[in-house]
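The chain that follows stands alone, in the form predicted on its own, written as structure tokens.
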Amino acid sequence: MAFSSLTTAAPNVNPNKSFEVTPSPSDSISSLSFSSKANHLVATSWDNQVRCWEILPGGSSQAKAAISHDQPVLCSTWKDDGTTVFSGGCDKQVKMWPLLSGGQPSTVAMHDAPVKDVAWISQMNLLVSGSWDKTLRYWDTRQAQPVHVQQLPERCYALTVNYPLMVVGTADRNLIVYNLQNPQTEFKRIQSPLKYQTRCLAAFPDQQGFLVGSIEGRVGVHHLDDSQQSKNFTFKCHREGNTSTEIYSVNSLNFHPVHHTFATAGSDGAFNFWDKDSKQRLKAFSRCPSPIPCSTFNADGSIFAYAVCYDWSKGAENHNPATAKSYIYLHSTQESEVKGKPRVGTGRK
């Protein structure tokens, strides 16, 4: 017997042959955000860092700058003009980083517990932050105090904004919908259509509804209009085995900015592209050997960025510091993967 057959082949860390962003963060990655104005990618991570790369034509990357928080960073977003990054995390604050001008970061938001998600609302010129302190807070970045504090029923786990629609997911499977033209009043509060904890949200591009992903390998497609409830459905994904006995969290939902199809990424290490209108999967990609905790499209949808690293979903006993490595990959999207298509035989678009 050949010696090579006795050794276990190392898993392929990049089975989809994506471009790797280097240098990669030294700990697990919590969020990825692209500027809307250029191919500038920001990643936040559990090593307290916020890093920025410029993605060059051809898929190579160039590290541009980095800043530190005092504790792990959980979320990030860009200002709409592409000059400034906001990041929040376990130090209970949001920092504003005027990255393109080379300015120093400053604290523009404070909470009483870690900040889980953040969004810039350009139409209001306000930042909104959601925290485990059970509040949403709106900030004019020139003022020390929040413009408005909105109480939530539970800890904020995820939020999504596509003005005037905002949806906030909290513990206990609450989904709170806001019309940002009247942000101090809940527009609608619903129980998640999924039976398990909410992990991620994405507002429809047409603001008529949203996607919700749960820890139990399932996505809900939900319309807001009462007359459209018959169009709501849920589907299983990020599962393994013939009986789907291995069930993984759906960690990220991203709509394609041009075709309005969407991506899911999960703790099974896989990502998929889907068309909600024809209710079909457009493309399934090969599983990476570690979970995908976050992902995002760039402004024109030509790049899908995803992180591959341990997400602690199986606890400390499954973390090996000697082999643990965090990767950020860039997939160059093909139109056939992301353009919606009618389901064969139904005639539906």
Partner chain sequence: MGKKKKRAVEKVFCYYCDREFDDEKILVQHQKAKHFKCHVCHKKLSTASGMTIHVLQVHKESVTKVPNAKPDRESTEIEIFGMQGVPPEILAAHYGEEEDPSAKMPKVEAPPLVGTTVTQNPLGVGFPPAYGAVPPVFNPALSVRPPMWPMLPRGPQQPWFPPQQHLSIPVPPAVPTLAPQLQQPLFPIQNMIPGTSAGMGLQPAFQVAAPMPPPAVSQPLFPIATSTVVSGPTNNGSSSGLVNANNPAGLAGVSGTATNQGLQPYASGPDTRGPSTGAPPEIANKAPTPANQLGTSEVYLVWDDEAMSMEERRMSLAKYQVHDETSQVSHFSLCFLSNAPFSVIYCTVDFNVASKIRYNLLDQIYALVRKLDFLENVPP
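As the structure is a computational prediction, the values presented were derived from the model and not from experiment. Residue numbers count along the first chain shown, from 1.
Unshown form predicted together with the partner chain; subsequent notes refer to it.
The listed set Q151, N232, T107, S101 contains one residue whose heavy atoms approach the partner chain in the predicted complex to within 4.5 Å, identified as N232. Residue contact check for P72: one or more of its heavy atoms lie within 4.5 Å of the partner chain in the predicted complex. In the predicted complex, E246 approaches the partner chain with a heavy atom inside 4.5 Å. The partner chain is not shown here, and in the predicted complex it never comes within 4.5 Å of any heavy atom of K17. At the 4.5 Å threshold, heavy atoms of G82 stay clear of the partner chain in the predicted complex, well away from it. In the predicted complex, the partner chain lies within 4.5 angstroms of at least one heavy atom of each of the following residues of 221-237: V221, H222, H223, L224, D225, S227, Q228, Q229, S230, K231, N232, F233, T234, F235, K236, in sequence order.
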